[in-house]
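Quick setup: one chain, the form predicted alone, written in structure tokens, and binding and motion questions come after.
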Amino acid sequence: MLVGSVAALREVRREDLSVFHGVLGTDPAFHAKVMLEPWVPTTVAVAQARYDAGLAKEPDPRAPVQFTVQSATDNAGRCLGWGTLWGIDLHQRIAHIGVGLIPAARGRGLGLDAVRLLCRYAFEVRDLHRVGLETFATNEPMRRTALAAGFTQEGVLRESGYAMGERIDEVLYGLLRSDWKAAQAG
């Protein structure tokens, strides 16, 4: 488990899937903001079947790494959201991160702490060189979080995103290992 000041990242447990589904599986508008693929109605049982099938697979170092976000002080480990390291390129030593929180967990600093923990995982555990973070221009909380976590805005892809019937600019952020290390030392 990676523990920060207010958040912790741990393994995904089967019981977390009902929380994920309650946010992503039932809210097409939220799903459109945080996922690459379009929302499709599904059941928790489908997510559980995918989870169960994945338990038997040999880990792939290029596969996305999924975490559950919980409060750093919650010994019961209640699921408050998720964090993902994805798009892992072992040759270039780069990846992307994403974070999503349930509505009740937002506005408490958990997202910023989760982003920082994902960066720690990427740079210290996985020895990556660069981490990217992409979000819609309309997602002000994630844009503020990226900057607060030390990311640099690197560009805008005009009308690159699509959510609920409208085209939206996508904002690109990046964080280099050297910048992250300098921030840790300072």
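The first residue of the sequence shown is number 1, and the count goes up from there. Keep in mind it's a predicted model, so treat the numbers as computed, not measured.
The same protein also exists as the form predicted in complex with a small molecule; that form is not shown, yet it is the one meant from here on.
- No residue of the trio Ala8, Arg126 and Trp180 has any heavy atom within 4.5 Å of the small molecule in the model of the complex.
- Here is the short version: of Ala148, Ala45, Ala63, Val156, the single residue with a heavy atom within 4.5 Å of the small molecule in the model of the complex is Ala148.
- Picking from 138-146, 156-164, 54-62, 37-45 the stretch near the small molecule in the model of the complex, with a 4.5 Å limit on heavy atoms, gives 138-146.
- The closest heavy atom approach of Tyr121 to the small molecule in the model of the complex falls outside 4.5 Å.
- Shown alone here, Val99 lies within 4.5 Å of the small molecule in the model of the complex, counting heavy atoms only.
- The shortest heavy atom separation between Ile88 and the small molecule in the model of the complex exceeds 4.5 Å.
- Residue contact with the small molecule in the model of the complex: Arg108 places a heavy atom within 4.5 Å of it.
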